[in-house]
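The chain below stands alone, shown as structure tokens; this is the form predicted on its own.
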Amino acid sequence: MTETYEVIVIGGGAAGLSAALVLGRARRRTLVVDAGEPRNAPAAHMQGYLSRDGMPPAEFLAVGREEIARYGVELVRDRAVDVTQDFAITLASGSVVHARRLVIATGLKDELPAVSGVAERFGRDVLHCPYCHGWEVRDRAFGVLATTPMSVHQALIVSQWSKDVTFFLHTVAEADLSDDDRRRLSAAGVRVVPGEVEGLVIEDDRLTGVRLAGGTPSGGGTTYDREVLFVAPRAVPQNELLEQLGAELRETPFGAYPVLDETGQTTVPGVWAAGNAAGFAEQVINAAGAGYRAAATINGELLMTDLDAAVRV
């Protein structure tokens, strides 16, 4: 049997819970399908969210789940694996649920560079967002691992938090740096080091250095003392459900994301996207705002649809 909800929110992060909160308060029968894989799980704290600065992400989500429960919103720990054009959603458990409207808040996954130690330290002293973590590691010895020519921008940005920044070109050739890149890196005081990075040096459970490849017959090249390493993970949007629904996607340097209107509605009527399912750079506070906006729009649309149907009858 298929159970029907007015709105199903797929994804239980900041965007999904925010949408569910607004919908629950609007007395809409709402279900949140949460696979339990938040993007910021490796981080000990989240920053930049007014009134919640420094709060652990897991605690933030736990509070959010408690809040939506007060308004009758249901939450199931499961994964949506298939969706039809009439919004019948099959879950990994085998259950099927149906909705009048959908909010896709499935986020994205970060694929880290294949450098020894990076994955193990990610969220601790291997970081990706200076706005999220820069203040906490300010004035330490920074490294930036280049993976694309766009990594220059990251090296320049993090120089606001430290005057000791080393830019490891890694897989980027020196020839790929433009004249403007070189001038800006020099003006920011960023040291540029060519050569591929082999791995990180970890001592007493903390990052102490970045080691280049090669150099000796036994392996291992020059080591640079560093306390923090910034990396740019490859973003992998979790957009499979949007593709199944036929939503139009736009290609960006950070993956393919849905084309949206100002409320977050996709090109598929009745389907909204919010948070990192809608874009790479959505921080927690932005994701929550997008979920709120989508939910308010959905509630109004459902109301008008039902009123118009009643008039026709």
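Remember, it's a predicted structure, so these values are computed and weren't measured experimentally. When you see a residue number, it is the position in the sequence shown, counting from 1.
There is another form of the same protein, the form predicted in complex with a small molecule; it is not shown, and what comes next is about it.
Novice: Considering non-hydrogen atoms and a 4.5 Å limit, does the small molecule approach A80 in the predicted bound form?
Specialist: The answer is yes: A80 has a heavy atom within 4.5 Å of the small molecule.
Novice: Just checking whether H170 would be counted as a contact of the small molecule in the predicted bound form - the rule being heavy atoms within 4.5 angstroms.
Specialist: No, H170 is distant from the partner.
Novice: Give a yes/no on whether E248 approaches the small molecule to within 4.5 Å in the predicted bound form, heavy atoms considered.
Specialist: Because no heavy atom of E248 falls inside 4.5 Å of the small molecule in the predicted bound form, the answer is no.
Novice: Do V144 and the small molecule come within 4.5 Å of each other in the predicted bound form, heavy atoms counted?
Specialist: So V144 does not count as contacting the small molecule.
Novice: Quick one: find which of 280-288, 254-262, 23-31, 66-74 has residues within 4.5 Å of the small molecule in the predicted bound form by heavy atom distance.
Specialist: In the other structure, the partner sits against 280-288.
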